[in-house]
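Given next, in structure tokens, is a single chain: the form predicted on its own.
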Amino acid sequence: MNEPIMTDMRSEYSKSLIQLGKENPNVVVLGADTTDSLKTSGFGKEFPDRFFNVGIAEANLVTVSAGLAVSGKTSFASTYAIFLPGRAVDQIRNNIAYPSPPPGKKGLNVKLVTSHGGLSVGPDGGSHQTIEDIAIMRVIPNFRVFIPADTIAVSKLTRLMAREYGPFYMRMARSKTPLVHSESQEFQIGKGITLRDGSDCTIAACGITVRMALEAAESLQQEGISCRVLDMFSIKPIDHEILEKAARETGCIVTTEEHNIIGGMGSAVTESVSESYPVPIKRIGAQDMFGESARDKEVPLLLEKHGITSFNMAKQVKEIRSKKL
């Protein structure tokens, strides 16, 4: 594959918020003392009356966001993934997801957007490497959950969330990420994206693992193995149709994510496929163990420890093909 173009999700999120702020006076942005790191402070410079930094108080961040939503605002609340949902599950559940004041609508119009998710946070240490947020957020009723693969996805999903009523959770990466999508790519709630077709196996990926999956498929092609690659950015709702089609046509699936293999995207894929067209599935991700400190240059080694590499994806594809029914 060609050398990837590396871009920053947080910068793209900031640009998208500013543009939304110009288009919609009801968009408000909130942070919890990480607004410079998340780069949402740029929105505050443009719209100081619509920007709120509540300090190191994540439960308050959620509650204030909910209050603004009740008053008719579209609230974007952001901090690190370890703090949100980590410190505020009660408030997320009961103050955002549970209320349903508008007739026919469920939950409040709050968008929780986090950064520094997964093991690639590296230098922040194992205590800050969030590997359980997908599991937490996808079991809360009324929430929809996105894990974008690149800045194009961040931009388009931010605008999608602003247009669509209701609560969302989106997790971004800390480090710069390679572009995998084109500007013409469309994103729909509950719809995965086929980035590469194949007939021998499917790799279902999300976030930073999408590029790795494409690299794995490229290497497998050199060995005569045709591998389909899906970007399952919409964790909830999951795309049952694309997964059943992949199961029927390729006969086995490898999932890969920067999250615990328990309760994450791999679990969502397994649940879906088991009810439609069961096939052998292998989940790649954090092996039910915490991360550990790793300097930026050591992050690939940390990912390798958990098998989150294109090499391991290719290896698992070759192994699971022998288990096809």
Partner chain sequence: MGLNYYQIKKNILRARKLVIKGTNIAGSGHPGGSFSMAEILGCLFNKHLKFDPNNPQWEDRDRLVLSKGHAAPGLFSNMAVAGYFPESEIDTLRKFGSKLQGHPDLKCPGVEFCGGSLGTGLSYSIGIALAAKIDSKNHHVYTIIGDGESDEGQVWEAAMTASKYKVDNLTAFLDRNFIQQDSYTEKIMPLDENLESLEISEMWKDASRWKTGDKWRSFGWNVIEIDGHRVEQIDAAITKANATKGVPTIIISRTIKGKSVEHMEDNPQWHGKAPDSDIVPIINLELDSQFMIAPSIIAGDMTNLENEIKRCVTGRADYIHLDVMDGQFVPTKTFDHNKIKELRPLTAIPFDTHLMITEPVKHVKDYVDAGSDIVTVHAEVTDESSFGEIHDILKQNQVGVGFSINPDTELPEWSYKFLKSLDQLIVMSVVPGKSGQKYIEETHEKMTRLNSILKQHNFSGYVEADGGVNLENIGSVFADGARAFVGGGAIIGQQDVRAAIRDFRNEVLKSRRYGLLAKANELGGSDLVNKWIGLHVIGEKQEQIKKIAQEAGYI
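Residue numbers count along the first chain shown, from 1. Everything numeric here is computed off the predicted structure, so don't read it as measured data.
Omitted from view is the form predicted in complex with its partner chain, to which the following refers.
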Which of Pro99, Gly198, Gly86, Pro178 has a heavy atom within 4.5 Å of its partner chain in the predicted bound form? Pro99
As a check of understanding, the residue in Glu218, Glu244, Asp90, Glu164 with any heavy atom within 4.5 Å of its partner chain in the predicted bound form should be identified as Asp90
Counting heavy atoms only and using a 4.5 Å cut-off, do Gln188, Thr194 and Val229 all touch its partner chain in the predicted bound form? no
Can you say which of 288-296, 62-70, 254-262, 35-43 gets within 4.5 Å of its partner chain in the predicted bound form, counting heavy atoms only? 62-70
Is the gap between Leu108 and its partner chain in the predicted bound form 4.5 Å or less for some heavy atom pair? yes
Report yes if any heavy atom of Asn95 sits within 4.5 Å of a heavy atom of its partner chain in the predicted bound form; otherwise report no. yes
I'd like to check something about Asp49: if you look in the predicted bound form, is any of its heavy atoms closer than or equal to 4.5 Å to a heavy atom of its partner chain? yes
Even though the partner isn't displayed, in the predicted bound form is Asn53 close enough to its partner chain, meaning a heavy atom within 4.5 Å? yes
